[in-house]
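Okay, so here's just one chain, in structure tokens, the form predicted alone.
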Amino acid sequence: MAKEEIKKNLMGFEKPLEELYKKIEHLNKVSSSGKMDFKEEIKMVEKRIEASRRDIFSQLTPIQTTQVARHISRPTTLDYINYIFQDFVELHGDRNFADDLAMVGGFAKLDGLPCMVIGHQKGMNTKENLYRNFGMAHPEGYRKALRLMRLADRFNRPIITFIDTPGAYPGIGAEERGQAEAVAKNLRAMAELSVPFIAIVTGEGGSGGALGIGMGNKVLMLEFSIYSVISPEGCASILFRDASRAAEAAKNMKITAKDLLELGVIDDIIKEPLGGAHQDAEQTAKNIKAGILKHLEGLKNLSSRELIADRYNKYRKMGIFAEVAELADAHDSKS
């Protein structure tokens, strides 16, 4: 990304870098006038920026990670498809109501291996986000995804999904057309898929909107993405009646890749370039591709029955519970 774009899209916690970028801008202007050459000074300032950014991103809070996951310049599903896959053929429509532009997908090749790629699609600006409904799919989006997953299953093609959505669209029309039923039906269908299935959270993994295409044999997350049942703001509004306490909610929700790996919800974390995926989309895509190939290698040798059993066991063992002795005894005595 160009330095001008990086400076323009600095997040709140990156403000210490703003003065350094201004200094580079000033030195460049003086150098371009031909009066003096400040190349060495510019290199020194750039090193200071890199060191400062490294320090900042080594200690991000969950709410700051959320800001990175939502960054307007963060690469989208179509960006990753262009970098990672070859011969992508987008397929449209759910064969029932409409073509949802917030969900994209189609056949592609991964280093010659035919596969199915599906993902939420956000925009890079207001106009694009309105066109893509901010990555929030309607029921027809999830039904399109289901149609494509069944096609992949029929032709024995591995499925790769990219998750980046605040959640399934909660509008009246979406509810009238069966939003909850569409997501639930996808969950049941994904449990029965007989092909390798890898899901990758690339930005926001929000609620049922994320789960609707996320029930993979392997679930991976980019380093600065989030995955949760609700947004930090929504959680704070419900629990504390105060959306301004989102930072507190985010801390307790365990929404970061590191937390979710420890809890066993995801299987691997994909490294991002310093400062986030938006700093270098091509390198991020290379890291994602390496992660896909790594986990696909282990899944390719499993039979259809083994893939289904693997997926079942993965989700069956999630969560930890304890039975209180007194309640257990009371239950036994009633029996």
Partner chain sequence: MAKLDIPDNLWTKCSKCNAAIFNKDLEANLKVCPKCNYHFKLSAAERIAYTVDEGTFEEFDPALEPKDFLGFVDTEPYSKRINSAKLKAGTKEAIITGKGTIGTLPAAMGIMDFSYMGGSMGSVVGEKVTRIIEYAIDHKLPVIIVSSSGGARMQEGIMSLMQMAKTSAALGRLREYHLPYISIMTDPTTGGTSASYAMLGDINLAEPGALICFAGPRVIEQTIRQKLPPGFQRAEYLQQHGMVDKVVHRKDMRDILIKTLEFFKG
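Numbering follows the first chain given and starts at 1. Just so we're clear, the structure is a prediction, and the values are computed from it rather than from any experiment.
Note that the form predicted together with the partner chain isn't included here; everything after this is about it.
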**OP:** Tell me, please, which stretch of 104-112, 226-234, 80-88, 124-132 lies within 4.5 angstroms of the partner chain in the predicted bound form when heavy atoms are compared?
**Re:** 226-234
Original post:
Does R316 reach the partner chain in the predicted bound form if we count a contact as any heavy atom within 4.5 Å?
Top reply: yes
Subject >> Interface membership of N252, the partner chain in the predicted bound form, 4.5 Å heavy atom rule >> reply: yes
Original post:
Would R95 count as a contact of the partner chain in the predicted bound form, using a 4.5 angstroms cut-off between non-hydrogen atoms?
Top reply: no
Original post:
Does at least one non-hydrogen atom of R154 fall within 4.5 angstroms of the partner chain in the predicted bound form?
Top reply: no
**OP:** Using heavy atoms only and a 4.5 Å cut-off, decide whether all three of F57, T65 and I72 touch the partner chain in the predicted bound form.
**Re:** no
Original post:
Across 194-221, which residues bring a heavy atom to within 4.5 Å of the partner chain in the predicted bound form?
Top reply: S207, G208, L211, M215
